[in-house]
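Laid out below as structure tokens are two forms of one and the same protein chain, each shown alone and named structure 1 and structure 2.
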Structure 1
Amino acid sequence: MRNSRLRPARWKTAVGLVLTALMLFPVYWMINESLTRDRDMRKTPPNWFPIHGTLEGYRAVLNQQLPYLGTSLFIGLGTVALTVAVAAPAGFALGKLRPRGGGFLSFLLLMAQMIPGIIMAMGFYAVYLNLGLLNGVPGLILADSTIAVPFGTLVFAAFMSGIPEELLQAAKTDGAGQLRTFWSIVLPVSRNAVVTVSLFAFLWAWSDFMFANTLDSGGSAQPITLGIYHYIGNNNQQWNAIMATAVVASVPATVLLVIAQRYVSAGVTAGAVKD
């Protein structure tokens, strides 16, 4: 009985490995091409493995793309700060204080997530043109935060509504006002939600192409997504450098999620407890 159950399981692992390999082939190919020599890029047949591996592409990244990476990092951190600053108090209100009309606001936040980004980009362009915010990092941080604020508010609300009422009551008895309760009790207890929201705000800002291309295409400080885009458009077609940049641009996403996955699932389950 046991044996007959073991064999098909092993067979399933094999199938799973094949499926995963198929799914991740483009990722493998990106890495493989990033290590390929210039003269082998257009070779037929292409090299399936980086046998003549080279770091030419990565050297190009170091020489040309570092400022872009720095800008992306700055934009990502700025977006995180703005998102948490706006979303956390709102989450406290929606999850705990529940003022009249809060339900409607939650509905608006849900719908806000459905608005296509290009419409926002076009509106921002018109507004920024008059305000003189085009081609600058602050404008881009503001625009990028619109991706994360509705999501962040709803996550905070779900998480904070799970905080035991007794905890808030105790603070009240000790004479703490709402602001103090929020700052010294609710926010520290919601650390997991803060990490979750920050993580996604950062990832989305880091990956944003549309706002950057619309609002910052003439700026002196541009994010890495535009760095890659210029590479493709430049017709120099140094594809190993393009792919190397793509690999580098994917690193933060991967690292953050590997390191912080615990927080992500912790935040998620904690938020779900209440339901």
Structure 2
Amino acid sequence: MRNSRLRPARWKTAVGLVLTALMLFPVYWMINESLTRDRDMRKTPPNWFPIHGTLEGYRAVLNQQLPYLGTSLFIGLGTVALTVAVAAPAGFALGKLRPRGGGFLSFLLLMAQMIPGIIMAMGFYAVYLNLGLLNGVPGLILADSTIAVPFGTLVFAAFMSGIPEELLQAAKTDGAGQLRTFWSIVLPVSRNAVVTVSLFAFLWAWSDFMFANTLDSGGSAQPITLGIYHYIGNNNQQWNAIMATAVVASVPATVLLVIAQRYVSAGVTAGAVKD
């Protein structure tokens, strides 16, 4: 009986491993190609492992792509700061203060996430052209935040709605106002939501190409997505360097996902179950 129960579990595990391997194969091939010499790129059959590995591609990354990586890091951190600064108070208002029309506002936030990015990019371009914000980092931070703020507000609202009312009443009894209660009580206990929103905001800003290509294609400080785009156009024969750039650009996002996985799981599922 025990063996009969274990067989379905083993089959499910095996199928899961196969599907995971298929999904991760492009990542492995990217790493393999980044370590392969140029003359070995078009071998038939190809080398499944970097037999004669080289670090020439990574040297090219360090020499040419570091400014792009620094710009993306600055844009990502700026987007995180602006998103949390706007979404956390908004989520607190929706989750705890429950203002009149809060349900309709939540619906509008959901609708905002359905607007195609290209439409938003064109709108930003028309506005930035008049304000002089084109080809600049602040404009990209503001544009990327418009993608993250609606999502962040809904996550904060769902998480903060589960904070016990007794905790807020105790703060009110001690003389704390709404702002002090939010800053000293609500925000510290919302760590999982803060990490979740910050991570998604950073990843959106880090991987953004549409806003960057539309609003900052001629600027002096450009993100890594544009760096890879221009690098492919200028060096279409040096694929190991192109793949090395993609690997390096993927490292920060991968590290953040691994570190923050536990907080993300708790933050995303917050508010899904009511007592």
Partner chain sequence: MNPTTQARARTALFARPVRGARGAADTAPRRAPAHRPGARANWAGWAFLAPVTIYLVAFYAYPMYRNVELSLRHYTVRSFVHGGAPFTGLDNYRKVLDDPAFGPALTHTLVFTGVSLLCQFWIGMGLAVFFTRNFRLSATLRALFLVPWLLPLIVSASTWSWMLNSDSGIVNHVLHGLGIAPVDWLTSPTWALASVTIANIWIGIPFNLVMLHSGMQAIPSDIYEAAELDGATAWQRFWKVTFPLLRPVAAITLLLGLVYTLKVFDIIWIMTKGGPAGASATFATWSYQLGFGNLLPEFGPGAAVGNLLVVMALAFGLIYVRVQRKQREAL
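Only the largest set of C-alpha atoms that superpose within 1.5 Å between the two forms is called the rigid core. Since the model is a prediction, treat every value here as computed from it, not as a measurement. Numbers follow structure 1, counted from its first residue as 1.
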In this pair the form predicted together with the partner chain turns out to be structure 1
Once you overlay the rigid core, does the Cα of G218 travel 2 Å or further between structures 1 and 2?
no
Taking the rigid core as reference, does P67 move its C-alpha 2 Å or further between structures 1 and 2?
no
Comparing between structures 1 and 2 on the rigid core: C-alpha of G53 shifted by 2 Å or more?
no
Core superposed first, then measure: what is the displacement of the CA of A14 between structures 1 and 2, in Å?
4.6
If I align on the rigid core, how far apart are the two C-alpha positions of K43 between structures 1 and 2? Answer in Å.
3.2
